[in-house]
Each structure stands twice: as structure tokens, then as C-alpha cells.
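Shown next as C-alpha cells: one chain only, the form predicted alone.
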Amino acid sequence: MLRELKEEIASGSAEEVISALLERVKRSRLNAYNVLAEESALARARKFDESPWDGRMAGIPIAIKDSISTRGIETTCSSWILRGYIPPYDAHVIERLKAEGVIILGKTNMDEFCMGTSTETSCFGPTRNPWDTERVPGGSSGGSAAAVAAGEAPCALGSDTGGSIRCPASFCGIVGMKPTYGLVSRYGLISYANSLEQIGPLASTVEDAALMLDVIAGHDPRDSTSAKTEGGYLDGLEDGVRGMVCGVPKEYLGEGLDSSVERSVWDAISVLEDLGASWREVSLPHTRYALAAYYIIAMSEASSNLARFDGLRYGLRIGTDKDWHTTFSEIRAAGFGPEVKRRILLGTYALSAGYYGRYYLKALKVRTLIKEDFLRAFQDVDVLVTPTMPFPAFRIGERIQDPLSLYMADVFTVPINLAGVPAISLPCGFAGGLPVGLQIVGDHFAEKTVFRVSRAYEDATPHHAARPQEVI
């Protein structure tokens, strides 16, 4: 846990801890990191050892997803088009982490521009799951999750547009939290889909995730969607669940769900019952439209957001002796991978004249219906309990040639982003030796309730303590 690690570093040597982690990463076959900030991390550790500073995470090493801007450290979004780009500024979350004393280890691998469910679309090659190196770690924050699960970082930041924190947390057997939309500033997060994405923590325990969220959450005037909140996510963490009501959406337990995953989720619900909670079936009737609405909205926003990458100001640059239109086309053809091109094309089509109303506007209306489903459900229950993913981690290469099967894997996570509510994934068992994730969903800005339920379950079960063997 981060609390114990902070005490260990304070009484020992930050440089020794950082050096050991860096050596572990160098020996690893997981390919969890794109860039190691070895020199700056060791320099900051030595400075800490010489004159320790205060902070809730003072001296703690952390891994950062490669879509979050870090001043002086290359930030690529795992794309050729941004190779060599070194941001001149820190994201808001990085500013807040540094103010609390963290030491950045490096930038973690991810699906290119956050577009994927397996971390296979990265220009750096796929990250491997530490529980089985022939399987994916989930995506798009797969590098962050694999690093935490394998002990290559005690904690990490990811971002979640349609499940990109919770999916890899589930596949790698750790805790991953997607906050309420607007709780964490998106300033410095390289955009994929503005109206859906949020930065959040990946950690080994619920307490660690709550501490990290306490640090990174807060109002930022540079982000127009940033909410003014109070924090205090460690408060009431151990209050238990007695008297609470858990809703179980019937649409999330049925066809397409792996039987082992379903069994683990029902076992988890039984544990919550034993702890004093009750459960009732609820309905989110518009769930069946969520995937279609999500991908129309996300791809449309991606089409707009990624238009800025032209190689003329930063990143990949080729064809400098040609006219602008040819240069722009050739740079993007060479710099973007197949999945990014696919989503740009589909988004551009959905926004085109004659189809904007038929697709994009209709998807926005469906989004409103999905949000209303959640609001109605939370009138009767405190949290919703669902599977995070419909199956355990699949093999590398098994689904990458079938985009629709990858999109279908997000069936339980994308409705959460459409509604803008918070959700956490935490380990609830194993299926064939692979971790299974339990998703606990709360009402808007009800992170404290989500953490409280998650902590009660975690304390009553051994799953969070399981760790894969070291991969060398």
C-alpha cells in the first residue's frame, strides 16, 4: 500500500526504491513502458533523500499513461505521428501530483490515441498481461495496469473514454477508478473524445485509489467542464455497507457473459449481502443502444480532435517540399495506425452533410436516455453492481483483426461514460487462472459511496492480495 511505501521511503532511501523499480522494468518482457524517465526520476529521488519534502505522496514513484502531458518527458499517445514530441507543460493532474511529492518513473504503453481494448494498436508493440504473457492486459491503459499488477510501479494514472481504466484493471487484477465526468481536469490530456474521457487512478488497493483521486481531483479554470468539488475520498472508507442497497442491472447478466465471470459476480454480491447490504434487480432498458451511440459519438469527436495532428508544428514530418494538402495527407497516412484511421473515417462520415442528424444527433439523444436510466436507478439503490468485462483477458492477436468483437467487449463499460457517472473495477475472483473484475457504479459525484462499498468488499475477500509471478 502507498501509505506503507511512503513510510518505508521516508525511513530509508527513495533512490534505492526508484533504482530497484527501474531495473525491474528493464528486465521485464511486458513492454509496459514507452519511455523511462530514468535520469529525472533518480535525480528527484536523490534530492528527496537529501532533503525530504512534505506531501501526501512524498517520494512515491508513479507511472503515467502516455496520453497525459508531462513537461520534459516525451509524450506520444503510442503513435508514430507524435514520436519525439516533448510537452513544454504539465497536465493539471501532473501539477497536483508533483505538488504532493511524487516521482515520475516514465510513460506507459497504450492503444494508439486511446483507441482500443487490448493495447495492441500501439506503435511500440503490444503490452503483455503479467498473469499470462500470451494474453492482452486490456486497453487502452494497458501499460499502466500491467505495470501496477507486475510490481513495475506501485500506482499509475490512466484515462477512461469507454472503459480504458476499468478494462485493464479487470484483466490485470487490480483496482481502477473512472471518476465522475468533470471531477478531474482534462487539461493536458491529449483528447480522443472530449465529452467522454476522464483521468483516473490505477492501484493495488481501494485505499490507494482513493488517495490518488483525492490528490488529482479538483477544480481547474483551464478546463471548462471542471467541477468544483470538496474531495475527502478517504473519509468514511471503512464505514461498511450495512443497510445499503445494491442494484443489479438485468441487462448486464445474460447472453454473451462468460459463465465463470457471472459466477464470480454473484459470489461478490453474496459477500456484500453477508456484510449487511441487500440487492434488488433493476433495469437500464436503453443499454442495448449504448455501444452504437458511444462509438458514433466517440468517433465523431475523434475525427474533430485528431485534425490538429498535421506534422507541421510538432511530431512526425515528411514531404516538406510538397504543397500543404499533400503534406498533410502523407503525414497522417504514415503517422496514424489502422484503428485510428478507421475511427477518423467513420467519425467524419457520421458528421458529414446528410448524415449528421441521422447518426450523431440521434446518438446524442440516445445518450440522454441512457443517462436518465441511471438517474432513475439511483433513486432506489445506492450503487449498481455489474461485471466489468464480459470475459477474462483474451489472447494477443485473437480479436485484433475483428474490430466489432473488440468493440463488443466494452458492452458493460461504455454506458458509464455516456452517463458520466463514476465506476470502479476491483478483483472479484479468477476464471481459468485469469483475474475477473467487479464493477461498482455510483451516482454523479458519489465516489465516496463507491469507495466505501469497494473497501468493504476488498476487506472481506483475498482477491486483491493475489499477484502474478515476476515476468523476466
Partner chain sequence: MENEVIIGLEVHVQLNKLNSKLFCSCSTDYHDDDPNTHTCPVCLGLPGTLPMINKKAVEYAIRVALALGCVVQEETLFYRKNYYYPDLPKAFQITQYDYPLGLGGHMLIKGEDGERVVRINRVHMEEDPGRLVHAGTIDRAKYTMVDYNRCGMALLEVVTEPDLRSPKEARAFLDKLRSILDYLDVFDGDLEGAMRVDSNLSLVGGDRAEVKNISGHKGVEKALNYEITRQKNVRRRGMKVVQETRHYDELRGVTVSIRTKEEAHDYRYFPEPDLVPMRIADWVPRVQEELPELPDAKRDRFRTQYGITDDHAKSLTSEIKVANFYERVAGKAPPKLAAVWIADVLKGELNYRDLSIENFHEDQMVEILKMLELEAITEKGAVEVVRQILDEGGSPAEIVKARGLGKAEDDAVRVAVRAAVAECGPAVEDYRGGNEKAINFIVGQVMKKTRGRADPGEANRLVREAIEEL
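Numbering follows the first chain given and starts at 1. For clarity, every value in this text was computed on a predicted model and none was experimentally measured.
Not on display, but discussed next: the form predicted in complex with the partner chain.
- For the partner chain in the predicted bound form, the listed stretch (264-272, 298-306, 165-173, 207-215) containing residues with heavy atoms inside 4.5 Å is 298-306.
- L351 is the sole member of A292, L369, L351, V245 with a non-hydrogen atom within 4.5 Å of the partner chain in the predicted bound form.
- The partner is absent here, but in the predicted bound form a heavy atom of I190, alone among I190, L284, V93, C155, sits within 4.5 Å of the partner chain.
- None of the heavy atoms of K107 is located within 4.5 Å of the partner chain in the predicted bound form.
- Among residues of the shown chain, S259 is not one whose heavy atoms approach the partner chain to within 4.5 Å in the predicted bound form.
- L375 falls outside the set of residues with a heavy atom inside 4.5 Å of the partner chain in the predicted bound form.
- By the criterion of a heavy atom within 4.5 Å, R222 is counted among the residues contacting the partner chain in the predicted bound form.
- Of the residues in 74-101, those that come within 4.5 Å of the partner chain in the predicted bound form through at least one heavy atom are, in sequence order, L82, Y85, P88, Y89.
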